[in-house]
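What follows is one chain in structure tokens, specifically the form predicted alone.
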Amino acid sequence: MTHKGSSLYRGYALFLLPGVLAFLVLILFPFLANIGLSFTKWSGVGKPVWIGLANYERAISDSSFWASFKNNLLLIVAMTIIPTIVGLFLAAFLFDYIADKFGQGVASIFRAGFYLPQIIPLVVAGIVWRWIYQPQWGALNGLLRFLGLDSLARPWLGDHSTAMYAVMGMMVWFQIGYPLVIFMAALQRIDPELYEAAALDGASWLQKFFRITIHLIRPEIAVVVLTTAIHALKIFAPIYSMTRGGPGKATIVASYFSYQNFFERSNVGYGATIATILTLIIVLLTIGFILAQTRREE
């Protein structure tokens, strides 16, 4: 019996081979090569020179390095915290009120509308929002002038004090549909009798929301928080298409800072160092989150 089982598993192992090879060639080997480059000084041409931990010591004292990670934390607020909270309330509102009053079809139209930005390439969305924020003919300043609020009109992406918040606003708009769709799917698996029993006990909508809904869809909330936080840490496209990290260091993020060192400054070793640190942070965050989720489920 054991022999048959082992043969069976060996048969399945063949189907895993393409995935394992793809992982080794596309992920593991490039990551190990990146780690190796992070200990060198290399312009991209010629032979890399081994410098040990010098790039890591440089990163610790580099204000641009810390500014990039601070901006990544702000993007976690815009891409994880705000969309998750808003998505939760919107999903519950569409599921409990719109679907009940106007039918499932109307709720699906709203859900599709909120999800629409997710199907737009992020670079394209960034370019469109750059036009919206354009100081002379952009839609936002045009609307403010139309409403008589000329004093509020400004170069949103060119002003050091507003550039990061303008990018965050765009990312909130882009991200809300993702948690909304996941939470609405999660709500459909909750037994309606739980809500009926709570209503008979006199529970309000908010009490049912916090004590039943949130409690029962915690796995989906965890997935949304983890995936969006990882997305926020490795974000690149909107920064590239909207601000190129400027003005100054106002909107620089870790992935774009790494790109600048790799391809614009020919400082490949330092770019590899930033990429390595960013990857390790994402891996540790993922492991910690999965361990915490596993303990909670046990």
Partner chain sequence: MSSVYKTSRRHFLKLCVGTTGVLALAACAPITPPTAPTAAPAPLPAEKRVFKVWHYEVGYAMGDSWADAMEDFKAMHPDVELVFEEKTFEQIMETARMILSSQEVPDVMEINKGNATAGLYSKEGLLTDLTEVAKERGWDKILSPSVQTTCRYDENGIMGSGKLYGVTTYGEFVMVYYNKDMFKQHGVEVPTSLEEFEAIADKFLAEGITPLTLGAADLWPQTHNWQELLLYKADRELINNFQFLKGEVDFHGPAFSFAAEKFAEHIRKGYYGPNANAVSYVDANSVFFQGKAPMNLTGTWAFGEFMKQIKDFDWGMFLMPGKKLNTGSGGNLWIVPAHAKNKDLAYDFIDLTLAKKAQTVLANAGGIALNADLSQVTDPKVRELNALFATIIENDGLAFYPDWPVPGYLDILGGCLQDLIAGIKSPAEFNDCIAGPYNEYKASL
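Predicted model only: the values in this text are computed from it and were never measured. Positions refer to the first chain, counted from 1.
Here the subject shifts to the form predicted together with the partner chain, a form of this protein not shown in this document.
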The unique member of Phe31, Trp66, Trp50, Tyr56 whose heavy atoms fall within 4.5 Å of the partner chain in the predicted bound form: Phe31
Option touching the partner chain, based on a heavy atom within 4.5 Å in the predicted bound form, out of Thr84, Asn72, Thr213, Gln134: Gln134
Contact test in the predicted bound form: Leu143 vs the partner chain, heavy atoms, 4.5 Å: no
Any non-hydrogen atom of Gly103 within 4.5 angstroms of the partner chain in the predicted bound form: no
4.5 angstroms heavy atom contact with the partner chain in the predicted bound form for Val123: yes
Partner contact for Arg130 in the predicted bound form: the partner chain, 4.5 angstroms, heavy atom: yes
Full three-residue contact with the partner chain in the predicted bound form, heavy atom 4.5 Å, for Pro18, Tyr165 and Gly169: no
Residues within stretch 246-272 having a non-hydrogen atom within 4.5 Å of the partner chain in the predicted bound form: Gly246, Pro247, Gly248, Ser258, Tyr259, Gln260, Phe262, Phe263, Glu264, Arg265, Ser266, Val268
